[in-house]
Structure formats: C-alpha cells, structure tokens
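Given next, in structure tokens, is a single chain: the form predicted on its own.
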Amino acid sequence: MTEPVVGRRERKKAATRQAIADAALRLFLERGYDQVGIRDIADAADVSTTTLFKHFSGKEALVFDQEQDVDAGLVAAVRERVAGESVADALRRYVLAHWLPIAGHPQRAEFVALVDTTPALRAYYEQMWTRHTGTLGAAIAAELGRPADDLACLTLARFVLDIPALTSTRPDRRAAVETIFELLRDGWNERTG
C-alpha cells in the first residue's frame, strides 16, 4: 500500500496545527491550564484565534491534539490487519508500535500530571476514552460480524485502551503489554490469578 501524496497546502495546515498544539502544551506545562487563554496560545503560535479555532474545537482539544489520529489508528489496526492475524494480535502490534514510544516520552509525566490535576482536562479525557471505546468496539464487532454494541467487543476495546495506564509505571513496559495481551488472548483462569 502506498502513502497518498500530501500536497503543499495540506502540509502547511498540518504544520500550523502542530505549531498550535506545541505552543499550547508548552504554555500549559509552564503556567498551568487555567492560567493560559486562547489568545495566549494563538500569540505563541503566531496565528489568529480564528485560525486556532479552524484547527481545534476548544481549549481541551489543544491538549489532546492526536485524538483523531488515535481513533483512526486503532480502527486501521483492526481493519487492515494481515490475513489470518487475530484482532487481539493486530491490536497488540499497534500498541507496541505506537504506545510504547509515547510511554517513554520525556514530557509524559508532566503531561499526565497536567491532565490529572485539571478537572476540565480529566473530564475531557474520560469522554474521549469513552468515544475511543465505542469506535474501537464497533470496528472489532464489524470485523467479527457482531452488533456494534457487542459487549465482548466493547470489553476488549476498553481493556486495550487501558493498557497505557496499566503499564506506564512498570519497569518493563513491553513485558507488561505482552502479559496483558496474553490474558486478553487466552482469557482468565484461576492459575494466572
């Protein structure tokens, strides 16, 4: 599969969006979420507030600028898996490739602290994760020929989405991810507990 050619305009839009998100995160980490206004972010990114709102729906969305990419990536991992690969194995591959590098990012602890200590961000995060669960659960269900609200598919989706939180403090995050996927693939039994 070849990557689509991205035109100059799309590259400029993506660069502007990234500059806004980077400026917002820098300011939020420096000053605190509630002490930074939209105008501050626009000025730091050298854009108008109108341009900022063309790229982001609101202040909370600036913190979670990769939200749409996460949704799309999870769905693609399920739908575009190689022939014969299980849904769980495709999601395992995705988590290892995409979330392990994020877990090791030098600003991760600061980012998590920002979200955890800011009620508006915590609420947005929970709503976002619920949306991701619904989207991923529906994609899994579609692949398995089940109803979009199938409980088993939604449960798998939720556990996969909780992997970053469950593994972030483990000394060997890769081994922790593998352990969780082994449990998801093979199921719980009293010998593992």
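Here the structure is a predicted model, which is why all the values come from computation and not from measurement. All residue numbers refer to positions in the sequence shown, first residue = 1.
Just so you know, the form predicted together with the DNA exists too; it's not on screen, but the next bit is about it.
- The three residues His105, Thr133 and Pro164 each lack any heavy atom within 4.5 Å of the DNA in the model of the complex.
- Partner contacts here mean any heavy atom within 4.5 Å of the DNA in the model of the complex, and among 164 to 172, 148 to 156, 133 to 141, 54 to 62 they occur only in 54 to 62.
- Of the heavy atoms in Leu29, none are within 4.5 Å of the DNA in the model of the complex.
- Although the partner is absent here, Val36 is a contact residue: one of its heavy atoms lies within 4.5 angstroms of the DNA in the model of the complex.
- Taking the partner from the other structure, the DNA in the model of the complex has no heavy atom within 4.5 Å of any heavy atom of Gln68.
- Although the partner is absent here, Arg185 sits far enough away that none of its heavy atoms falls within 4.5 Å of the DNA in the model of the complex.
- Distance between the C-alpha atoms of Thr167 and Ala120: shorter by at least 3 Å in the model of the complex than in the displayed form.
- In the model of the complex, the Cα-Cα separation between Ser168 and Tyr124 shrinks by 3 Å or more relative to the displayed conformation.
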